[in-house]
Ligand code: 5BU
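In the form predicted alone, a lone chain appears below as structure tokens.
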């Protein structure tokens, strides 16, 4: 079993290499999903829990008072606390359209998001369109191979196709959003949303799994935690708890396989 930093040698993508090394250096496999609605909330959360995370995941189009200052401050905090920024855009259109969505409009995602993601429903053209923009700025792309919502159609053949496309475009595709390890390529990073301390759900079909199960049993690499942290009374303390539990599960997995 290879460590995170050892797996960096199995990818040519600079963003993937950087993420692997951050995870090992900071002893964290935690990504916090900042699904809040104002600049103040996003920046406060990022600064508070930045020391505990390897990634901050944003949904930039839900920020009600978005402006360039937010991006400048997010980049500053990412450098200050040594984490990467993942814009959870979930691109899902033809190649030409996603190119414009990625590099233009009011958000200019490619200019600041180290990582973004995409559905493979449109076929390889969506990856090629994003790749033409992202490779110039040394960005990374995750493919949505599986989702945590009840009744998701991203299963079986769909998941297999995502893995195949990742191998074809492995200079730009750095891994997957999935519920478990779906690829044996050590250069691919698996990130799993829907993580909480207890296995519960919400009224909109979200299903949760524990950090120990996701990292230790299902072989994923990164925990994505949202409401379990940003809705807590002490976000730093809870983020630290998730970080420690996630890292312990990774260490135990490494020891068990070795």
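Residue numbers count along the first chain shown, from 1. Note that the structure is a prediction, hence the values are computed from the model and not measured.
The same protein has a further form, the form predicted in complex with the named molecule, not shown here; the description that follows concerns it.
- Remark: all three candidate residues (33, 59 and 227) come within 4.5 Å of the named molecule in the model of the complex, counting heavy atoms only.
- Listed stretches are 165-173, 85-93, 122-130, 180-188; the contact stretch with the named molecule in the model of the complex is 85-93, by a heavy atom cutoff of 4.5 Å.
- Only one of the listed residues (110, 71, 78, 147) places a non-hydrogen atom within 4.5 angstroms of the named molecule in the model of the complex, and that residue is 147.
- Looking at residue 66, you'd find every heavy atom of it more than 4.5 angstroms from the named molecule in the model of the complex.
- By the criterion of a heavy atom within 4.5 Å, residue 193 is counted among the residues contacting the named molecule in the model of the complex.
- Proximity of residue 208 to the named molecule in the model of the complex falls within the 4.5 Å heavy atom cutoff.
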